[in-house]
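Single chain ahead, written as structure tokens, the form predicted on its own.
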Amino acid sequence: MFDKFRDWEQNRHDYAKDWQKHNGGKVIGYFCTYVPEEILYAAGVLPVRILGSHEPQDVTEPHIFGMFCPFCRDCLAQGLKGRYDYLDGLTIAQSCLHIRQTFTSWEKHIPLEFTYYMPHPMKVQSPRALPYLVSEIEIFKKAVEEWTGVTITDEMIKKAAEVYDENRRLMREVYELRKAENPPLSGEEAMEMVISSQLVDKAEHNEELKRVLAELPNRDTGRETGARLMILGSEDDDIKFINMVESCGATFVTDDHCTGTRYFWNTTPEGNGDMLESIAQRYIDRPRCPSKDWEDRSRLDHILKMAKDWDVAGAIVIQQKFCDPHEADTPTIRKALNDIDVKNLFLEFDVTVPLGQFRIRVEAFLEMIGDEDLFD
């Protein structure tokens, strides 16, 4: 049932090249999910999120510090190795220092016809964040128009937002089904669904989601659910890790990270008539990355509500090695989870994950959860 999503995820470069060939449009890579993709899509551009390959590499050392997070180093390696040689452009929204360095190094060493660094408010809780972001999206829109030669009207932006919002609603419907006692999909399948949505044309992804949703409620996965887990923390698109955990007798039923729910959770607000303001409001209101979630940690309540709503027995908190925003965030999140009796396991990720070592820790964690369930 999820074969199409898996194919898109595994063959992302082939998909982009085929799209480029058959649509005659431009393809742009982006590093951070705060990039307003709707503006690009309205101009007929395909936004493709740049992700790593989880392979050892030795090409980034002259360009980026070894103590920068493995995700940003892995992403840069993909560019330096020519994996994204089909890109017409590259963009980023103001993000953490590490991924910003990836963008800068890529821009300097890999020729592209268009690059754009979009400032974005880091303190989205500020009342000045919204007007600031509206003005930056307006500047971004003008730059995209100059690059593509397309005049982007409000109607074009509205249509693009409708396509994106349909995708967000459909994926929320899939996640709602994961609340069931026996979820009709695994965490691995859900991850492939969300990752693929960041790599392909949203309209095409929507059609596949509709097909899957028509069959999903009555699906029997043929596997035991086991311990209900959530995963949260840094960016995570490591399918092999998810597969390993679920093979130990567990199922991921929800998540909070930027290759999961934070990407699609909320939709564009309606009613104010200003499409740029509506787009900006959506990115301000979305479940926040810790680099933007201050001074208050507004995402704590969101995470705890998800844990309750999806009836999780435990949480795996992951952090990309050297990720400063999440490193500062993790102790508070773990304490909050402990306060509502959600046991949690912390794991630190590198470019490649030591699955054998992690399996031992995961098995011990699941055994602890199982032993406690016996006394409930």
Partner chain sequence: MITAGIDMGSKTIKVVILKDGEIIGKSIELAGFESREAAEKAFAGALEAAGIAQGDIEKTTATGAGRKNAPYTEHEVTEVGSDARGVRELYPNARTVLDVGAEEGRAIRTTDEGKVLDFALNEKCAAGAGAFTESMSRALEVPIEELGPLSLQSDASIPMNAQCAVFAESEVVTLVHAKTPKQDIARAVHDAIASRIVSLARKVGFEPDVVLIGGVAYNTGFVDSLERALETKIIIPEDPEFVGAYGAAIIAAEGL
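For clarity, every value in this text was computed on a predicted model and none was experimentally measured. Residue numbers count along the first chain shown, from 1.
Below, we refer to the form predicted together with its partner chain, which is not included among the displayed structures.
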Every residue of 62, 348 and 355 near its partner chain in the predicted complex, heavy atom within 4.5 Å: yes
Among 36-44, 309-317, 23-31, 52-60, the region lying within 4.5 Å of its partner chain in the predicted complex by heavy atom distance: 52-60
Residue 321, heavy atom within 4.5 angstroms of its partner chain in the predicted complex: yes
